[in-house]
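Single chain ahead, written as structure tokens, the form predicted alone.
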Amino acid sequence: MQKLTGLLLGAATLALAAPVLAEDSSDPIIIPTHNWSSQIVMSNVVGQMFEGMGNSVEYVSTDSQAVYEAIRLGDATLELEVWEGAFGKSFNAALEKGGIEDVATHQAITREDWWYPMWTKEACPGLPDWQALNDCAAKFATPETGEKGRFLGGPVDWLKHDAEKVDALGMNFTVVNAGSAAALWAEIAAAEKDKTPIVVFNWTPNFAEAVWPGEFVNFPAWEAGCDTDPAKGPIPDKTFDCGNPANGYLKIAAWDGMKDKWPKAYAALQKVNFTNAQIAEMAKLVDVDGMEPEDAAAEWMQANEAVWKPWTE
């Protein structure tokens, strides 16, 4: 009897010591989606994970800059791809106001900048140096840009400040913005047919690096403040006289009320962590294999249970 009593007391002590999370709200977790494939697939992966935990999920197409204000106000619940180069400024502004949390940082390392496929280097052998690119500007000219070279940037809402970079560095280029990530891939694929030199906005991780080997242009190295302080960077009295961070973060953000309203989902979100290869594979399922994002998410989850299932435990 004494032994049994001791066992019962021990079990009770362990039960008291273990953290007990409250039940999640039945209200839907609002997950924003944007205009590039990895973010949409990743959002569906985490959303389906939440649904498997008994949560309700709603996906809402949201501007990729305004999303941080929406999260701060509780109109959206989380963001799974906070890219330092594209969204760090908007994210930090929201953090300063309060209402949004820096929940986690992915293992993935990001880079976002001007990029070219390797056949372009044959036409402009001084690459990846930005000054060599500028010397070759005429080889990138189109009817749309006249004598200047064309740089095909990402969608306007990604706020990459490419026109400011062109001005700061005195480059003989005109910035033309693509309407979507898919439009960028279509342009590269079209240029590949006859090996037309092309320079576009690109980023890693995504599937493109496996399909079209290429390189990022080497601009003057990023230093904190070169986008806001004219004294920073190599060109006096100019901002944006630098490249983007070469080893940028990829973070997860959440509304600061999430941990109280959906504590179990929040605990799982804190464990979410993807690598470059995993994110590239998510994008490939849509951009190369032609799957719908929700189906791509389901296929990725089935093939990678050992990755995500421990996050729910």
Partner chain sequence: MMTATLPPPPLRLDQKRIALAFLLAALVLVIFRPALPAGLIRLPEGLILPFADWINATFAFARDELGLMTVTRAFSDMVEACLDVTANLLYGKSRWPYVGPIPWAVIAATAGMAGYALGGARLALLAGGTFVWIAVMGQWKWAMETLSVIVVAVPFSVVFGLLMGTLAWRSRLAERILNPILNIAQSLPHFAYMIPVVVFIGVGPKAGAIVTIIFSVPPMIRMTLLGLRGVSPEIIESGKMSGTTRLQLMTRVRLPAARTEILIGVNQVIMQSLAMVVLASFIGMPGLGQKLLQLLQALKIGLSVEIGITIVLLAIVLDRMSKAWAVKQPEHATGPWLYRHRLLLIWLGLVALGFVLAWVHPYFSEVGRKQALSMAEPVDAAVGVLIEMISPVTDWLRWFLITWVLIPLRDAFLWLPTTAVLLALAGIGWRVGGLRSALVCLAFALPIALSGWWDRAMITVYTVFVSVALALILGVPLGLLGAVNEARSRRFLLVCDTFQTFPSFIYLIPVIMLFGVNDVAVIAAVVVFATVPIVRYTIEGLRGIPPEIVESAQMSGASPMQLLRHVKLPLAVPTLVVGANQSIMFSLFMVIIAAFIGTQDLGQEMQRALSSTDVGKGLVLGFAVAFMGLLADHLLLKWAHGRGVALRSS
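Predicted model only: the values in this text are computed from it and were never measured. Residue numbers count along the first chain shown, from 1.
The form predicted together with the partner chain is left out here; the points below concern that form.
A.B. asks: Ok, Leu73, Ala104, Ala93, Ile235: which has a heavy atom sitting within 4.5 Å of the partner chain in the predicted bound form?
C.D. replies: The option sitting close enough to the partner is Leu73.
A.B. asks: Exactly one of Ala66, Ala277, Ala246, Met53 has a non-hydrogen atom within 4.5 Å of the partner chain in the predicted bound form; which residue is it?
C.D. replies: If I apply the 4.5 Å criterion carefully, the residue I get is Ala66.
A.B. asks: Classify Gly179 as contacting or not contacting the partner chain in the predicted bound form by the rule of any non-hydrogen atom within 4.5 angstroms, answering yes or no.
C.D. replies: Result yes; Gly179 sits at the interface with the partner chain in the predicted bound form.
A.B. asks: If you check in the predicted bound form, is Ala267 within 4.5 Å of the partner chain, heavy atoms only?
C.D. replies: Ala267 lies outside the contact set for the partner chain.
A.B. asks: Whether Pro125 contacts the partner chain in the predicted bound form should be assessed with a 4.5 Å heavy atom distance threshold; does it?
C.D. replies: Contact check for Pro125: no, nothing within 4.5 Å of the partner chain in the predicted bound form.
A.B. asks: Taking heavy atoms and a 4.5 Å cut-off, does Val286 contact the partner chain in the predicted bound form?
C.D. replies: Yes - in the predicted bound form, heavy atoms of Val286 and the partner chain come within 4.5 Å of each other.
A.B. asks: Only one of 204-212, 116-124, 238-246, 142-150 has heavy atoms within 4.5 Å of the partner chain in the predicted bound form; I'd like to know which.
C.D. replies: Stretch 142-150 is the one.
A.B. asks: Within 4.5 Å of the partner chain in the predicted bound form - does that hold for a heavy atom of every one of Ala183, Ala186 and Asp295?
C.D. replies: Checking in the predicted bound form: Ala183, Ala186 and Asp295 are all within 4.5 Å of the partner chain.
A.B. asks: Counting only heavy atoms, which residues in 146-173 are within 4.5 Å of the partner chain in the predicted bound form?
C.D. replies: Contacts from 146-173: Arg150, Leu152, Val156, Asp157, Leu159.
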